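One chain comes next, on its own, written out as structure tokens in the form predicted on its own.
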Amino acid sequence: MSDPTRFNHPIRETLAEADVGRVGSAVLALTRELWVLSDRMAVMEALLERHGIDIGGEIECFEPDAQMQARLDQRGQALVEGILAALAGTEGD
């Protein structure tokens, strides 16, 4: 498992004055990702409730196995890398 805190210590200064536009892009990219995830989660919970499954409580106490934790870590890393790419102006490279 990778260290999820390694992104807290970037190689260069994160917020130089010239980066303000990129910070805005990063915030928008993060907001889009958050909206998509929130929307999908709400739809999933509604669909499960429609079928008699109240999943909210189960999600709160769920503990992933090693394989799922690895997938979660990979997704988290991809999200953080996308945000850092937006900050650096290298998204799409």
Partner chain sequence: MTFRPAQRGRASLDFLVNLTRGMKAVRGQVEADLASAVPEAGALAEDLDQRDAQVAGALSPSGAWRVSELVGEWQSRMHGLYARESFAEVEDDLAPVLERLQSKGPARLVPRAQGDSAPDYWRGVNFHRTAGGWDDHPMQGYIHGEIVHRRMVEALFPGGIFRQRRALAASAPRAHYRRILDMGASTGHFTEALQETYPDAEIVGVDLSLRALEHAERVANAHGWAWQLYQRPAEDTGFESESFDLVASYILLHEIPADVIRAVFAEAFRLLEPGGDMIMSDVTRYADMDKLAVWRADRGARLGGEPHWRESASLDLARVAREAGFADVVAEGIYPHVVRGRKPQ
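Positions refer to the first chain, counted from 1. Everything numeric here is computed off the predicted structure, so don't read it as measured data.
Note that the form predicted together with the partner chain isn't included here; everything after this is about it.
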| property | result |
| --- | --- |
| Partner proximity in the predicted complex: I55 to the partner chain, non-hydrogen atom cutoff 4.5 Å | no |
| Close approach of L47 to the partner chain in the predicted complex, 4.5 Å, heavy atom | no |
| Contact flag, G76 vs the partner chain in the predicted complex, heavy atom cut 4.5 Å | no |
| The partner chain contact in the predicted complex: W35, any heavy atom under 4.5 Å | yes |
| Residues within 4.5 Å of the partner chain in the predicted complex, restricted to 18-50 and counted by heavy atom | G21, R22, G24, S25, L28, A29, T31, R32, E33, W35, V36, D39, R40, V43 |
